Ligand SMILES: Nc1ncnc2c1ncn2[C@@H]1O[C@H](COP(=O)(O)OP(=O)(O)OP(=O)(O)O)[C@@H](O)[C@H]1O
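Only one chain is given next, in structure tokens, and it is the form predicted alone.
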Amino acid sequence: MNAPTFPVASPISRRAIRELPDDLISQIAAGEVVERPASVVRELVDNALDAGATQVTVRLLAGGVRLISVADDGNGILPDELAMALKRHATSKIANLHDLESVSTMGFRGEALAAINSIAACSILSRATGQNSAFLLDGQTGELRPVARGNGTTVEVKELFFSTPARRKFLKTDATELAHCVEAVRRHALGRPDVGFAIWHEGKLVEQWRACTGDNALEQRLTDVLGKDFAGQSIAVNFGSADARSEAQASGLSNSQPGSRSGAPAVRVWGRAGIPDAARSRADQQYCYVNGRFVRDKVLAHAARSAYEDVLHGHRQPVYALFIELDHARVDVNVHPTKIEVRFRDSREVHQAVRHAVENALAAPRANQVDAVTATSDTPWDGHLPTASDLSSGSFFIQNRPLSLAGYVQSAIFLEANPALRAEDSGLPWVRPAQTSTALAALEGEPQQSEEIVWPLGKALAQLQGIYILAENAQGLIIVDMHAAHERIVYERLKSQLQATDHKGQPQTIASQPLLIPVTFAATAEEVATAEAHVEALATLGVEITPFSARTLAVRALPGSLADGDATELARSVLAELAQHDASTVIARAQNELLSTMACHGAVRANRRLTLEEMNALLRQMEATDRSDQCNHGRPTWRQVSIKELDALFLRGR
């Protein structure tokens, strides 16, 4: 797998700082507002990174109100350009409209230093590469004098809001302002693992993140900044790299945009996504970067959230650090004065790329990642029935892995004992007793290698209260909620069946039930327009909504399984989703919700007694099923209790 690249400002090329022409100024989203010390820190660190810095040091006093000092070892500023740097709309980042439409730097407006200098005592100390000495510029007097300093720039901002004392009243305590400053630097640190960062407050080192190099630079920086818990409870995301092209092509995301590699998707996504168990009550650990810039974007947030739909319980918020890379000309960063919002030329393409990236990462069952000895004589059965030649040879292959008849027989016994899994009920393969007998007969001559088999979810020991399965694996005890686990298995099978049908070009619609008396409700102009524009999408969902008057809509049909629900509430929610997001996303979600209901009713119920063979077969199915760690409602399906934890319960070794 190719190591991800990070946008690094080139220390070789340098443009002169000059005032922008009036026609370009009119195209810029002007109005840079310094809200608090963190705003100053963000802008100054942006400039340091654009200058090619490899080390950025931030020093603060009183949470940044009394002093903000940002020092870097970048290219520096030439002496005759220092005074120009403090003028409004004077920048070295862009020169014309073409540059503005394909911004590749963190800053570009030329407003930050001018805005800061107008509300605080600002000074710039800089030594440009190749210069014999540094120069200090006083922002208030304009005095320029030579001083001693190595290559790079130091910007000092003292007494923030001294010229506008009324603004100081809205600042919080020093501790709160310091926390915001640290968060601003943390966002930069996550996006640039190749740069070292240090934060000092009142002469004490608050945070320090050393520069990381090598293929594991991002993982190391994520661990340093977000902690070992995040690293241990997250999985790698990699979508759009050379070894992920087949996934992109299967998802319809591959194209031939200018500048992209042949056959590679135009949008690349990598990073780490937290497992559902690591979800939090607040969305305070959600980091998205577009071409190295931290952003808060509704498209990206919705894409990430939708990837967790089937695995997140309740209103919990996922944690993730995702990096999106695409052509600079295909994203507009000139949207908001703080540059924290962006606009995509093709938001659907980006949405789908992020969603597929996170979904693919979450799909793999975590049970198979348990640190155990690899099974050598068996692998989970995925529903394929052996042929006569398979049975005569004693084994067959699933996804290029050998599958012994032992695993097949266990699964066959389980399916035979559970009619809910038969083909006529749920579309799953059904093993006839004759096939099972044939397999059992062939199994008699198979060499016994059970001593070498170590399953990730272990071997079943017993059933507890007709609800839980107890199993033993190399780490200790596994506890499985059998209904939740079986519900996920059936649900994923039904989804696969529906998706396979879609790929054949056969349109799928949800069966609807006409209402005897249409339900009318007062609608907004947007709801009426959405209903008229998405007639086909609504029909696919099994919903019929037609205009009754200029301000009234009538619900004439609903999905059969939801016909007894609140028609008005359902119609409003569907129209709101269609108005805000892509129609295909809403349709897929509605179909999945109906399939989830079907799977819930088709799964084994509590208090159903299972044999050891049936329990083992269920464990093997879990190991081979995507997203089997959570049920359809986001609840966990299994838990590991290690030997160390069991020893602690009984005070062993103390």
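Each residue number is its position in the shown sequence, starting from 1. It should be emphasised that the depicted structure is a prediction, and the values quoted were computed from it without experimental measurement.
In what follows, reference is made to the form predicted in complex with the ligand, a form of this protein that is not presented.
- Although the partner is absent from this view, residue 90 contacts the ligand in the predicted bound form, with a non-hydrogen atom inside 4.5 angstroms.
- Residue contact with the ligand in the predicted bound form: residue 85 places a heavy atom within 4.5 Å of it.
- In the predicted bound form, at least one heavy atom of residue 339 sits within 4.5 Å of a heavy atom of the ligand.
- In the predicted bound form, the ligand sits beyond 4.5 Å of every heavy atom of residue 323.
- Residues placing heavy atoms within 4.5 Å of the ligand in the predicted bound form fall in a single listed stretch, namely 111-119, out of 111-119, 570-578, 269-277, 183-191.
- Proximity to the ligand in the predicted bound form, defined as a heavy atom within 4.5 Å, singles out one entry of 48, 58, 40, 617, which is 48.
- 77 is the sole member of 77, 490, 469, 350 with a non-hydrogen atom within 4.5 Å of the ligand in the predicted bound form.
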